[in-house]
Ligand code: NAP
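Shown next as structure tokens: one chain only, the form predicted on its own.
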């Protein structure tokens, strides 16, 4: 137990007494990695953020806050090898680490760069000036940071990126933050958070870390506060219907897991570039982070004439995927986050089997030896012959290396099946036929937060189905939660109040800091 990390919450600019409560174990061998601390005083954390953190951040301009993000990114970059070592214990390979750790740091860099285009002022104009009379009177919308606290409730699958992709736009907007990581993998989130504190770049009260239960935190929020949640639809519904959230009109943004789809166009053949690109992307999304991505492809849709060929190609590539110790260079897929997560994946695969047959995989893996206690699960492909009448494959997500291949007859059915998930974070299309692409986008865009279209001409520069980019919106309608994170300045909107000013033009100039 000498190497076990005793985790601490960070409240009111101090590290609280260290862990000793719940033990957190390695996803790859079941050994104890860390212990969680006792719960923190949520009321005291909110008070400190409101009295100290908020005023300190609002005293800075947008550009000054952008420089903080750059300093945080530099500090994390200098010590990211420490984070890589811990991340392996969550089951992540080196490639997975780049997605989580480097991706999170990259988000800070992007927002720091975007801050240069913002005013060196405390208020930001929103749109142009409106002439509302023939005389000396006009209108102007402005954006200013809320006067409360941003509560970030993060998921377990991306302990670093999940924290930083919320933190970057929030700090840039000028709101203090209470970060609530998932308990699974909390040791990695705490390590990244500790590096940011030790950088000295943050003003007092700007960020705090709450490990463990939120307790009554959400019950103490008011109209100037904001909540950003990532996780399941069930948990999101429970949190956003808390009486205080509803009564005080607390801003609540949810980014939920969804049944994301990837569609191969009717123009594809087994010999076409789009077919090969589609297969590679499907397999990558099944195996990266062991399929534990909210953007992962869960529904693989192909023309009915290509069903057997696509299935065979996917199975062949999956057969070359080495599952094992993520610390080894040859490993291409590591473990799930823990044994409880593996049980959940297995249970959902069993539910999917009511409508789909397992083609390959479908079971937990015991790799033996030092890895016998690891949460490994075989890459799993299911096949649904009649997706038009199916329900489970469009509603049940096995949050692991699991996807279902299904046929469609024509463009109309492709649109119908893509939309049957009732809202997703992302959908991808692999086609070289402009008519097919146009029809699919026209019929499906309103059901998906992001759409990636790839063909032979764009493939070399394509960023990937599962990559949530800081430049573009991350979120989706319906089942996906209805939220919108990232997207450059879009990601700042939950933390800014838009106010319409009506005054003489000279007064508007003064108020806008021009």
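Numbering follows the first chain given and starts at 1. Bear in mind that the values here come from a model prediction, so they are computed numbers and not experimental data.
Keep in mind the form predicted in complex with the ligand is missing from the figure; the text below concerns it.
Comment: the ligand is not present in this chain, but in the predicted bound form one of 232, 199, 248, 311 has a heavy atom within 4.5 Å of it, namely 232.
Listed residues 264, 425, 175, 375 were compared with the ligand in the predicted bound form; 425 is the one with a heavy atom within 4.5 Å.
Heavy atoms within 4.5 Å of the ligand in the predicted bound form are found in one stretch of 110-118, 435-443, 391-399, 276-284, which is 391-399.
For the chain shown alone, residue 100 is not a contact residue for the ligand in the predicted bound form, no non-hydrogen atom being within 4.5 angstroms. Of the heavy atoms in residue 181, some are within 4.5 Å of the ligand in the predicted bound form.
At a distance threshold of 4.5 angstroms between non-hydrogen atoms, residue 239 is in contact with the ligand in the predicted bound form.
Within this chain, residue 214 lines the site of the ligand in the predicted bound form, having a heavy atom no more than 4.5 Å away.
Contact with the ligand in the predicted bound form holds for none of 10, 41 and 209, as no heavy atom of theirs lies within 4.5 Å. In the predicted bound form, the ligand lies beyond 4.5 angstroms of every heavy atom of every residue of 35-50.
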